[in-house]
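Okay, so here's just one chain, in structure tokens, the form predicted on its own.
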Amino acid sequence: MGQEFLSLIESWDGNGVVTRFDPPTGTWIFVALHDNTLGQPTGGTRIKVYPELSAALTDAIRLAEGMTYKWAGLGMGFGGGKAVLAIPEPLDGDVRQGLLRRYGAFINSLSGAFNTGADLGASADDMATIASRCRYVLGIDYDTMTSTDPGPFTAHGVRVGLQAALAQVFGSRDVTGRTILIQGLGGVGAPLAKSLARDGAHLILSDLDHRRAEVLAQQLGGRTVDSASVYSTPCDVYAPCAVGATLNPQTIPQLACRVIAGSANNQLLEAEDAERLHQRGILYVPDYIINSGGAMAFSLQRDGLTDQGELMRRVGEVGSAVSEILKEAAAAHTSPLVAAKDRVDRILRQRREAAD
């Protein structure tokens, strides 16, 4: 490991990083374990080609910390963790299956120190393959070895969180007639767009695959915008549902929205970006609260809740959590990110004090 790797780990406040190299594919595996105050570190497995390995490690440790905040913000009994498989090139077929099986065996060797689930680049089928080698995958029915897609649950959580933000800014949760720009139309962005269209929203859709955006916009009566114009396009709500760090010193001055509420992880390039948004009068809903629906559903399934209607109802509690945080932020005249972090710190502190 180079000095850059060592510096990243030295500056991190997490419990540790477990690393493995997969010779057959040239894949580096990073399992970042941030905090186990509330329970076993638990988070998704991300599969991605990175420009450099330090970017993969950075992603793993930032996402693991985000999972600590996500679980604590919901008051659920898991700690923060995340896995990143830094593949050198896109993999498919037997080569991909082999990597996933070896990765599953690696997770199994940790004996429950880390639970995982689907994330960017990892499909529900991928998770079933991983689960064939370990017992620590959420969203899997181990009796039938079938997997659940977390996307619709995450989309529902974003939808109710978005409605809570509309109520804070406009005085009504109603999305009818509101213009909502969704960036990224994958497993979360697409179902989110469909549900908002049914509710009467005016949709603006954007995706790196412009054809995908055009087809969905035609189906839903919306319109498209190219990636370069996303930030400057006027809308009521900007919903980032793709990659992170889209909110940064370069994009924030361009924004023409009143609310930011989307599913992407690590939407802020740095924490200071929350204050930049606050100063501009743009209400930012912290990503690790609003995008927690899929994680919440999987944890409830693990505890034995299988009824889909009841799962959706429980995921709807994300809206209440968002509403509470936004009200706390407004009362304190601060950004919602500060209010969310205060909430998480309070929950973790109380648990640690109870354990002493």
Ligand code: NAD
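Keep in mind that what you see is a predicted model, and the values were worked out from it rather than measured. All residue numbers refer to positions in the sequence shown, first residue = 1.
One more form of this protein exists, namely the form predicted together with this ligand; it is left out here, but the text below deals with it.
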item: Proximity to this ligand in the model of the complex, single hit among 127, 165, 107, 241 (heavy atom within 4.5 Å); value: 241
item: Selected contact from 147, 224, 115, 183, since only one has a non-hydrogen atom within 4.5 angstroms of this ligand in the model of the complex; value: 183
item: Contact at 187, 209 and 263 by this ligand in the model of the complex, all three, heavy atom at most 4.5 Å; value: yes
item: is_contact(residue 79, this ligand) in the model of the complex, heavy atom dist at most 4.5 Å; value: no
item: Contact of residue 139 with this ligand in the model of the complex (heavy atom, 4.5 Å); value: no
item: In the model of the complex, residue 73 touching this ligand (heavy atom, 4.5 Å); value: no
item: Partner proximity in the model of the complex: residue 42 to this ligand, non-hydrogen atom cutoff 4.5 Å; value: no
item: Candidate stretches 248 to 256, 268 to 276, 97 to 105, 188 to 196, one within 4.5 Å of this ligand in the model of the complex by heavy atom; value: 188 to 196
item: Contacts with this ligand in the model of the complex, stretch 141 to 159 (heavy atom within 4.5 Å); value: 150, 151, 154
